[in-house]
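Only one chain is shown below, in C-alpha cells, and it's the form predicted alone.
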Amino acid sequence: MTPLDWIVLVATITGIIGFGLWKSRGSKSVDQYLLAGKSMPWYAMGLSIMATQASAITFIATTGQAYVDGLRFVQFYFGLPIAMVIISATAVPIFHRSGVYTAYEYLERRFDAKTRALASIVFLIQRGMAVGLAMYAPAIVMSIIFGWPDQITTAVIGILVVIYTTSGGIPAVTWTDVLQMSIIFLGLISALITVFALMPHGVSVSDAIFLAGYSGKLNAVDLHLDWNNRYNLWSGLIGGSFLALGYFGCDQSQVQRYLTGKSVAQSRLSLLFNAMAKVPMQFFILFVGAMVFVFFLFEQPPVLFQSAAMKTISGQAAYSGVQKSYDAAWNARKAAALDLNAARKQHSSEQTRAAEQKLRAAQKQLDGARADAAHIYEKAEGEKDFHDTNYIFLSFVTRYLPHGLIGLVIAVIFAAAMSSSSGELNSLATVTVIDIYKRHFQPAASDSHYLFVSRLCTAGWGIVAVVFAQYGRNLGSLVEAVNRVGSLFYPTLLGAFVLAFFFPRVKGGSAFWAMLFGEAIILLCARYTNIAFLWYNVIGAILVVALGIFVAFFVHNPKEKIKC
C-alpha cells in the first residue's frame, strides 16, 4: 500500500471510532449503556442490524463464494424477508412490552430460571465462537498485504473494538454502524466500477455478464429439492426462514438492536427495512464476486490466492509441473472466453456451443491444477482441507485497484469487522451481566457497579474472541462457517421461544428438557449425517417444540388434553 492508501485507511477508521464515541457521550447508566435509553430511530437500528450481520466475512468470503460457486448462495437469504415479517408481528411487541434487557430474561418470566440460564449459555457459546470468526477476517487482509501473523492482526482489531465498545456501549455501536454501512456501500460500488473499467478492450458490461452466465456463475435459483444440497430454493426459503427467525428473533446481538427503539413501530420499521434491503445487498456482493471471476478470465490469477501458500509450494519439486498445467489451462480458458464472446456478437449458435465446451473443459483442467497445488501445500505443511476462497477478492483489490481506493476497500473490511464484532461483544456482555452475573451472583448491586462489570465483560469477551479467531484458518469459507455454527444452536433457542410465545400451557421443566434433548440431536445430526446445515434449523426447532409439548402433556400432565 502507498502513503495515500494508508492516509485513507487511518482517516476512515479514526473517523468511524470518533463518530461513534461522540454520538454515545452520556452513556452513564446501565440502561443507556445496554439499551441506549430506548431512544434509537428506525433507520439507525435498521442499519445497525444490517451492519452486525454484514461483517467483514460478508465482503471477503461472500465475494469469494461467488467466484467459486456462482450466485446460488443468494438463495440462503430468500427466507429472511418472511422471518422479518413474522418477528415484527410477534417478538417485537412481546419483548417491548416485557421491559427486558435480554431475550433470555423473558424466558425466566415465562418459564423458570434454569431455562433462562440454559438459553443464555447456548447463546454465549454460539456468539462467542461467531465473533471470533468475524475478527479473523481482517487477519486475511494483513496476511496478504504484509504477511503479518494472525495473532497480531486479530489482537489489533480486538483492542480497537473493545476501546469504543467498552467506552460507549450500545449507542457507540449503533451510531458507528450507521457510518460504517455508508462507507461499506461506497467501497463495494467503487470495486464493481473498477472491475468493469479494467475489463479488456472489446468486453463491455453486457459481455461480462454474458460470460459469467456461460461460466455458470449467474445460476441464482436451483429448483431441485436435495436434502444434501446446501443452497437451493427450498433450503433457502424454508431452512433460511428458520435460521433467520433464530438469528433475528432469539440472538441477543439482534434483539438488543430493536430493544433500543423509541417504540414498537420504530423497531418494526428497522426489521422491515432489512427485509427489503438484505437480499438485494447480498445479490450485489455476490455479483461483484462473479465479475471478479470474469476479470480473471482475461488476467491470469495466481494458482493459489493465499500468498503464504504460494511461497510454500513454489519451493516444492512437484510444483513446476502443476504451474505448467495451470498456465496451459488458463490460456485455453482465455481463448475460449474470447471465442465465446465473438460468437455471441456474430449470433452463431454453433460457434457458441463449441466455445462453451472449450471454456468448460479448460475450467475443469484449471480447477484440477489448483487442486493439485492445494494438495502440495497440504502435504508440505501437514494440513488438511486447504481453502483459499477467502483470499480471492482481496487478491484482486490489492493487485488491481487504484491507490487510494485500495485504502478505502481495506477500510471497508476493517469497518465491517469492527461493526459486527462490536455489536456481538456488547450483546455477549449484556447476557453475561444481566442473565448470569446479576441473576445468580450479585442481584442487588448499584447501577454503577453493573456498568463497571458490563465494561469488564466486554473486554473479557474481546479476549475470548481474539483467541478463538485463531481457528478461522481451518474452517474454509468463513461465510459458510459462521452460518454452520449458528445452525447448530439457533434451532434450540427458536424452539424455546416458540413454546414461550404460542404454547402457554408448556411450563419451564418441559421447555428445559426439550432444549437439552433437541440440542443433543442437532449435534448428532451434524456429526453423523450429510444433511445440509440449513435444514438443521428446521429439524431442530420443530423437534424442540414437539418435545416440549410431549413432555408437558404426556409426562408432566398425562391426563390433560392439549389446548394450545
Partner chain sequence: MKLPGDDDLEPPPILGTWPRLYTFILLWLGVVIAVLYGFTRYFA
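Numbering follows the first chain given and starts at 1. If you're wondering where the values come from, they're calculated on a predicted model, not measured in any experiment.
This protein has a second form, the form predicted together with the partner chain, left out of what is shown; the following refers to that one.
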property: Thr90 within 4.5 Å of the partner chain in the predicted complex, heavy atoms; result: yes
property: is_contact(Tyr101, the partner chain) in the predicted complex, heavy atom dist at most 4.5 Å; result: no
property: Phe298, heavy atom within 4.5 angstroms of the partner chain in the predicted complex; result: no
property: The partner chain contact in the predicted complex: Trp330, any heavy atom under 4.5 Å; result: no
property: Among the candidates Leu451, Leu401, Val322, Leu71, the residue which, in the predicted complex, approaches the partner chain to within 4.5 Å (heavy atoms); result: Leu71
property: Partner-contacting position among Ala335, Ile121, Val464, Leu233 - heavy atom within 4.5 Å of the partner chain in the predicted complex; result: Leu233
property: In the predicted complex, segment of 260 to 268, 300 to 308, 101 to 109, 363 to 371 with a heavy atom within 4.5 Å of the partner chain; result: 260 to 268
property: Heavy atom contacts to the partner chain in the predicted complex at 4.5 Å, residues of 203 to 224 in sequence order; result: Ile209, Phe210, Gly213, Tyr214, Leu218, Asn219, Ala220, Val221, Leu223
